[in-house]
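To begin, one chain is listed below as structure tokens, in the form predicted on its own.
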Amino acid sequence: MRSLKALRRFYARYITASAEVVDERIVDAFANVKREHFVGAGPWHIPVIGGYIVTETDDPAVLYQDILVGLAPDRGLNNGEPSLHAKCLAAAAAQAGEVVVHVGAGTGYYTAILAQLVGQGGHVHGFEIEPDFAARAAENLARFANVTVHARSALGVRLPMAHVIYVSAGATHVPAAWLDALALGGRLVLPLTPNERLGCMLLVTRLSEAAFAARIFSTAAFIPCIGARDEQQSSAVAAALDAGSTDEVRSLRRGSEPDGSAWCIGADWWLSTAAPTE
């Protein structure tokens, strides 16, 4: 007889292995959070090239594959690809007791996984700009005492000091407010996505008040992050991705003039191929 619990465990093992993630805490988090509680009632719309197909069943077993699931197909909004999120969660390395800001919480699925990772001693602040999604997330996450859902943008507000800022929408630049909200040792995981082409996943780690390590660890495509899109900076990111190797990025710089190590130059930030310095 089919067991959803067993399916979830296999799904968790499969997506983490596909992403080359070895953290058993992430495996357990995916195995313990029920995806069907966050994606609405079936049958479900599954994105494919050119649109969506319908699952033709409301059996939640179909959800335990490495697939996106349409949350609002008419708006092109989906529950993201599990293996990519497994890779991003491994990069974020959220630990028990830490504070996380989740930008673009959607209906709460990956927020719940983050809540599992930080445990009852930690806290997750989920920011969601779409009012209907924020309402669904608040309902879906009501049983998580360590989660607060904010029905608003994570830009233009004072964020709590965070050990992890986990962004689930594509930005053309690195917002200063998110860097400012990182605690020492804090990690920002951000889809850096130009308008013109596929983007990348950027990990920024705050080493000191002014020093930030950076590395690019995956390709990525995400829905746009409202308020974090800029045409000029999009062009700069696209040009950098086309011209140079993402493996060369070592640091993020602020408050200084770009030098010969510049890999990508934004409005008030730049990525460097040199190691981070004060």
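Everything numeric in this text was worked out from a predicted model, so none of it was measured. Just count from 1 along the sequence shown to find any residue number.
The protein also exists as the form predicted in complex with a small molecule; that form is not presented, and the subsequent description refers to it.
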Select, from the options 244-252, 50-58, 206-214, 223-231, the stretch whose residues sit within 4.5 angstroms of the small molecule in the predicted bound form by heavy atom distance. 223-231
The small molecule contact in the predicted bound form: S168, any heavy atom under 4.5 Å: yes
Verify the contact flag for P194: yes if a non-hydrogen atom of it lies within 4.5 Å of a non-hydrogen atom of the small molecule in the predicted bound form, no if not. no
Contact test in the predicted bound form: G186 vs the small molecule, heavy atoms, 4.5 Å: no
Quick one: is R143 in contact with the small molecule in the predicted bound form, heavy atoms, 4.5 Å cut-off? no
In the predicted bound form, does each of A12, F30 and H37 have a heavy atom within 4.5 Å of the small molecule? no
Which listed residue (A112, A86, V100, A154) meets the criterion of a heavy atom within 4.5 Å of the small molecule in the predicted bound form? A154
Just give me the single entry in A93, V118, A138, L77 that has a non-hydrogen atom within 4.5 angstroms of the small molecule in the predicted bound form. L77
